[in-house]
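The chain below stands alone and is given as structure tokens, in the form predicted alone.
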């Protein structure tokens, strides 16, 4: 009897090993928790062909927007941990959790790798009365709570201007929108005065459809050398949107190994770097171990920010 049991267990282990070795045998769903055409969607559509090439399977992007990105996050969290659902994430997974917008945390997932970082730019509508950051601050001090900012509440587009607001000693009025496309359309149409954007919108800025006021980097960007940093304007804020990939908690180690290997190889492709340059984004690859440490540190930073800004709900 013992020999039969051992044989059955060995057979099951062999079958499981063979199944994992064949992974992926069917298309993998990559959940992007925002609508098509937004920054995160565009970045992962550029990443997708390189990722699936190195993984040896098909990756299908599924845009699941709603509730500040938390609808897609919940679906990713609740998906089977079999390697056939992965999750495109950025810093909002921290901010939405600590502000109480979502009950999904980064610890509900297994890190695969970090892919990119996109520096944030404080951006004005074309009809805004100010030509530069200093004029905006002066106006905000005269009219506290009257300058409107388009933001996805609890997300990076909310935290970034909130940091600027606090550091500059001013007060904004926030108008909620779902995703980048909604916020950008509101800004272009002058339905709001300010918003967060990045170098993907350089063409619109060059055409005068929006106005870059200041970038949240340590040094000026070579792409927009005439735009000052926030630090130059006396506001000590650096900020970027960091994007990576996660898998549901409990995904088998051999599957994670394949995903992580393919993710690293794809992130190092020259074609991906070229695509990211066009998107005003930096390739910022971190392997699973490095990304785990990054997520832990970033989570604490966002918790502290939420508390400092009076937004902490947990």
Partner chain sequence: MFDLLGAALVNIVHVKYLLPLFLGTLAGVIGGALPGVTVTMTIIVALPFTFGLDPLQGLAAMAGLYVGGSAGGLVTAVLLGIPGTPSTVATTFDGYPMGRNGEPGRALWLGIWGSFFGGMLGGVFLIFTTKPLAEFALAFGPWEYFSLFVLALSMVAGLVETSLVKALVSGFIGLIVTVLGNDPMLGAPRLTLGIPFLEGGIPFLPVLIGVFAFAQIMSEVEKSGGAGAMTQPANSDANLKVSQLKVIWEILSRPFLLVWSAIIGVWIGVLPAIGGSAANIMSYDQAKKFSKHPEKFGTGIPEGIIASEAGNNANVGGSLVTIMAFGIPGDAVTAVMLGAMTIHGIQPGPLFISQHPQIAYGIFAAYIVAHPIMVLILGVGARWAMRIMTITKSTLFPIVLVLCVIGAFALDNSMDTVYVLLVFGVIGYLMVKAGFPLAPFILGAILGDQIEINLIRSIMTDPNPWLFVTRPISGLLLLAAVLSVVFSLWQHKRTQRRLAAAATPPSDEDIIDF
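Think of the rigid core as the biggest set of C-alphas that the two forms share within 1.5 Å after superposition. Since this is a predicted model, take the numbers as computed values, not measurements. Residue numbers count along the first chain shown, from 1.
Beyond the structure shown, there is the form predicted in complex with the partner chain, which is absent from this document and is the topic of what follows.
At the 4.5 Å threshold, heavy atoms of residue 75 reach the partner chain in the model of the complex. Although the partner is absent here, residue 314 lies well away from the partner chain in the model of the complex, with no heavy atom inside 4.5 Å. For the chain shown alone, residue 107 is not a contact residue for the partner chain in the model of the complex, no non-hydrogen atom being within 4.5 angstroms. The partner chain is not shown here, and in the model of the complex it never comes within 4.5 Å of any heavy atom of residue 52. Checking 220, 209, 134, 231 for any heavy atom within 4.5 Å of the partner chain in the model of the complex turns up a single hit: 209. In summary, among the residues 80, 169, 144, 176, the only one with a non-hydrogen atom within 4.5 Å of the partner chain in the model of the complex is 176. Stretch 36 to 44 is the answer when you ask which of 246 to 254, 285 to 293, 265 to 273, 36 to 44 has residues with heavy atoms within 4.5 Å of the partner chain in the model of the complex. With respect to the partner chain in the model of the complex, the three residues 101, 153 and 188 uniformly fall within 4.5 angstroms at the level of their nearest heavy atom. Taking a 4.5 Å heavy atom cutoff to the partner chain in the model of the complex, the contacting residues in 270 to 284 are 278, 279. After superposition on the rigid core, displacement of the C-alpha of residue 81 between the shown form and the other one stays below 2 Å. Once both forms are fitted on their rigid core, the CA atom of residue 179 lies 2 Å or more apart between the shown form and the other one.
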